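A lone chain, given as structure tokens: the form predicted alone.
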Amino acid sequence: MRAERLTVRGFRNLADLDRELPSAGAALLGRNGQGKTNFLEALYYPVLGRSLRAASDAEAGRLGGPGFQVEVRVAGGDGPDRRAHAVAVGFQASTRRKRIAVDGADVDRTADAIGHWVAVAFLPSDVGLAAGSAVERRQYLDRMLSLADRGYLVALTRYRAALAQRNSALRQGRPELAQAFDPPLATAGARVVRGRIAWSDGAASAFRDALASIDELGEGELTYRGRSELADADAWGPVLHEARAADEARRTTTVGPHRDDVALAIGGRALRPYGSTGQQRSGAVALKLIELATLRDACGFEPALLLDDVFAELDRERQRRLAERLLTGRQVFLTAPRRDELPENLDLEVWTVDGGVVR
């Protein structure tokens, strides 16, 4: 999958632009704070209809501006749907309303736009996938599996809605009302758990192989941590009944996939509490490699790749290995402050970003 054109209006500090994109991608160079990451963020926005940096839509608009508009025009892919598409996201600051359109027609649900433009982004903060809290790993799972499987996205949306209503009733001290949301919570939650477990079964060996491919010493381990019985909707009733006292005391739902985690280890040592900075970075890179493979297998084409200053802390040999693994056979957009911080085997058109202007 390749983006052919990017149109941006009123987005962060970027000067308005409407330009063709190289089929192989581009390397964006410039000092910090000039807008390189903002360019990647704009390019990613139509993937899920939201920021890759977890920012709100209002924060993504130019300061004091009326809102923003981002559109990516995508070439026909090699998968089942070979048509070209245009995916646009707009936000109006005065009404705080977001508009998502595919080929010029508004869509009622974000889910209807997902899959027309698929990209994987890797930011320096993504080291939190290995070093951070369980929340970051759940967000990783939900983003990736939602792009790979529309059924997962639908179930996740329904689960979150039922969970929010159930938790609201618990906060109000209305346990009987909370129990009314148990059936939809169970049906959707079981589908979410099944999707995560199915992914983790294959990802365990992929995590080991990915670490080996980037020359990380020690065998990698990936394990899904959650109540596997909740993959069956019929198991939810007894589990929720058992947790009822805790739920009422804490005024929140204490069981379910919203509390699960993915445990990562290298050489038998858990990455989050015991891994070195280098090992945690390698673990995060391995998860991103798995994300690429998961989406490729699900969509039938190579997703585009957006890399924000990921080579800076790697030695030349690891830069070369990672570049060979990442930069072949897909469209890639990456950033760096200077040319000498890019891999020597890089063969991409070079652009500069200065004061929000892309040249």
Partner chain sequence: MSAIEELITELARLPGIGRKTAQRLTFHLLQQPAEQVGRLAAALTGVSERVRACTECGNLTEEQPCAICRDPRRDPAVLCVVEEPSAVSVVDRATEFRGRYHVLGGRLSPLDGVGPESLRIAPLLERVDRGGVREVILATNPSMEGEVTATYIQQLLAGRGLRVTRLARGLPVGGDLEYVDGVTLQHALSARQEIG
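Residue numbers count along the first chain shown, from 1. What you are looking at is a predicted structure, and each value in this text was computed from that prediction instead of being measured.
The form predicted in complex with the partner chain exists for this protein as well; it is not shown, and the discussion that follows is about that form.
Heavy atoms within 4.5 Å of the partner chain in the predicted complex map, among the stretches 149-157, 214-222, 201-209, 269-277, onto 149-157 alone.
Contact check for D112, Q165 and P184: all three have a heavy atom within 4.5 Å of the partner chain in the predicted complex. Taking the partner from elsewhere, A233 is found to have every heavy atom lying beyond 4.5 Å of the partner chain in the predicted complex. Proximity of Q139 to the partner chain in the predicted complex falls outside the 4.5 Å heavy atom cutoff. In the predicted complex, at least one heavy atom of L177 sits within 4.5 Å of the partner chain. Although the partner is absent here, S125 sits far enough away that none of its heavy atoms falls within 4.5 Å of the partner chain in the predicted complex. For the candidate set A84, A246, A134, A161, a heavy atom within 4.5 Å of the partner chain in the predicted complex is found for exactly one residue, namely A161.
Among the residues A93, I197, A101, A169, the one placing a heavy atom within 4.5 Å of the partner chain in the predicted complex is A169.
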